[in-house]
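Consider the single chain below, provided in structure tokens and representing the form predicted alone.
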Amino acid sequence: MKRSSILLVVALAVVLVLTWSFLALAQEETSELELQTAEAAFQAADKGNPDPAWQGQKFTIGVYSAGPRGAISGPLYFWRPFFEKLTGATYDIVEIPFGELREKIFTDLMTGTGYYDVIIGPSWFYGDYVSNGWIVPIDKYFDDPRMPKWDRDSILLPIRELLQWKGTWYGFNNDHDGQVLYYRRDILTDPKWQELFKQEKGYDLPVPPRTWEEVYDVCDFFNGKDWNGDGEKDYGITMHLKVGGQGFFHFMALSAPYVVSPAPGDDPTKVTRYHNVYWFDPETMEPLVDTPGFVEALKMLLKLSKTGPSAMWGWSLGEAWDAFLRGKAVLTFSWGDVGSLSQLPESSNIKGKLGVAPIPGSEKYYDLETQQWVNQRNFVANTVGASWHGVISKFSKKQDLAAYFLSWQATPEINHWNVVWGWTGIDPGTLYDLLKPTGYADIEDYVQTGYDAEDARQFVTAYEEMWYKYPLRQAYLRIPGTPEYWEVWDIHLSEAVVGQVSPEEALRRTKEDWNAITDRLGRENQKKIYQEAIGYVPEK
């Protein structure tokens, strides 16, 4: 295993252990209420008509190793007795360490062994899944009277598209990942700090910061001040910048508004060779990673890194989260887990002080067609992360039973229960998670599980605005070799962060490595899959 892979595995393992420990503590304290609300969700959810022939059968689920109280795998353990009661069938849960997921799952699929009937995996496996025909389309189950009905239209569009390929459904609704901005609401709305900010920066303190330029000003202002009153200097931002610490996900979300530009004409979301593209030129598979938008974004990341603790250059995800949750940084940006963790007294002292906003935009963006900067604010939604969800192996001999289980888990009542109980690691991303009047949820859904009402409102509304109202979206990379592309990117980004090379050189090296990977895997085939993945239709 390469050094970078080892680092990535170790870092993720530390992060997941921290997260799962926090979440396990929360669940132990609320188990009675959990069971009551779960029973209500079970009774309310559609159950279809389980086939009597399934009684006594068993299938196998492969999922990354988080334990019976852990994120993503935990709900599988929790709901198993309900499933057995419902169908007379059961399932085995095979936990796979994160760093072994690709090897074990792909080996099972490549050899046609069919050990895993269901795979709860990341969305970045789709390029391999679909191009090799390893998973089955699931459209045929939607009108099957045996199957519970789940509300596909309620899944917010950016996530819904991750479950499909060229309009055909392969994935069942479950988790919904994307990065948003978290900040200290109590500090940024304090008149004392607002007055001092205006004196120093010359304009009103933005609450919340809406662009990365505003984020920098806020972090630069608060960094080095004792704004939490503990007698020590505090920080502006906290990030995880260690190689293998998922820092490239930070850069992915930050860089999108500098790189992704709207299409001219009536439909700004149209994917053209130059517009609404992020990873590669869809005509040539030439990487875009060294274009001026990426360079500008990396310079912004480096500026931001100077407004936080220098130790974060060696931090993984858990350490970065902890600095914010313990009240030492005024701001961070990350996944929905931070919203859940901020409500747990074991991991946080900022409950009731949380502000959340959609991922910031930029004050300008680079137009690849005109090769000019456009001085106009640009906002781009992201689905950065795994969005863990179930697919069915082509080699499974229990496909119908597996489809029944995944359909039942995708019903609004069960899925929403998983979302509001944050220990599950399943983040919001459907209309029934969003608050009325846009969505169907009530704030009480969240408050009864321990959320502060205003924290919950901010948390859910940030995702609503980003996925429901932002004008543009960042394409998700779903081509064979995606983990390889990301590993070398992570390494070269780190070289720039620690000052070993310039931003331009780090991105040039990334481009060179990405071209080598593309050539090795076959440029024409990679291009075909990339075009399908982003919905690009070549002009004739």
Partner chain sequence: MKERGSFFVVPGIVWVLLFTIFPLVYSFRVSLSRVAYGRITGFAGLANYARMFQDYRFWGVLGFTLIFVIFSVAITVSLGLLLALVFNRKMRGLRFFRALMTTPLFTAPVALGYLGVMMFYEENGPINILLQTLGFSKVPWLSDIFWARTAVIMVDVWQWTPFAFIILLAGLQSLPDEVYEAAVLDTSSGWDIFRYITFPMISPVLGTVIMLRLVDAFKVFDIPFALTNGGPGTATRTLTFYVYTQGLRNFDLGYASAMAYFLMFMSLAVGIFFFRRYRSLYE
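Keep in mind that this is a model prediction, so the values were computed, not measured. Residue numbers count along the first chain shown, from 1. Basically, rigid core = biggest C-alpha set you can superpose within 1.5 Å across the two forms.
This protein has a second form, the form predicted in complex with the partner chain, left out of what is shown; the following refers to that one.
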For this session: Give a yes/no on whether residue 494 approaches the partner chain to within 4.5 Å in the model of the complex, heavy atoms considered.
Result: yes
Exercise. Do residue 319 and the partner chain come within 4.5 Å of each other in the model of the complex, heavy atoms counted?
Worked result: yes
Exercise. Taking 4.5 angstroms as the cut-off for heavy atoms, does residue 304 touch the partner chain in the model of the complex?
Worked result: no
Exercise. Heavy atom to heavy atom, is residue 128 within 4.5 Å of the partner chain in the model of the complex?
Worked result: yes
Exercise. Can you pick the stretch from 49-57, 494-502, 65-73, 32-40 whose heavy atoms fall within 4.5 Å of the partner chain in the model of the complex?
Worked result: 494-502
For this session: Indicate whether the candidate residues 154, 250 and 464 are all in contact with the partner chain in the model of the complex, with contact defined as any heavy atom within 4.5 Å.
Result: no
Problem set entry | Heavy atom within 4.5 Å of the partner chain in the model of the complex - the one residue of 468, 106, 221, 77 that qualifies | 106
Problem set entry | Listed residue that, although the partner chain is not shown, lies within 4.5 Å of it in the model of the complex (heavy atoms), from 311, 344, 136, 94 | 311
Exercise. Using a 4.5 Å cut-off on heavy atoms, which residues of 229-252 contact the partner chain in the model of the complex?
Worked result: 235, 242, 243, 244
Exercise. Any chance the CA of residue 165 moves 2 angstroms or more between the shown form and the other one, core superposed?
Worked result: no
For this session: Verify the C-alpha shift of residue 232 between the shown form and the other one: is it 2 Å or more after superposing the core?
Result: yes
Exercise. Superposing on the rigid core, do we see a C-alpha displacement of 2 Å or more at residue 499 between the shown form and the other one?
Worked result: yes
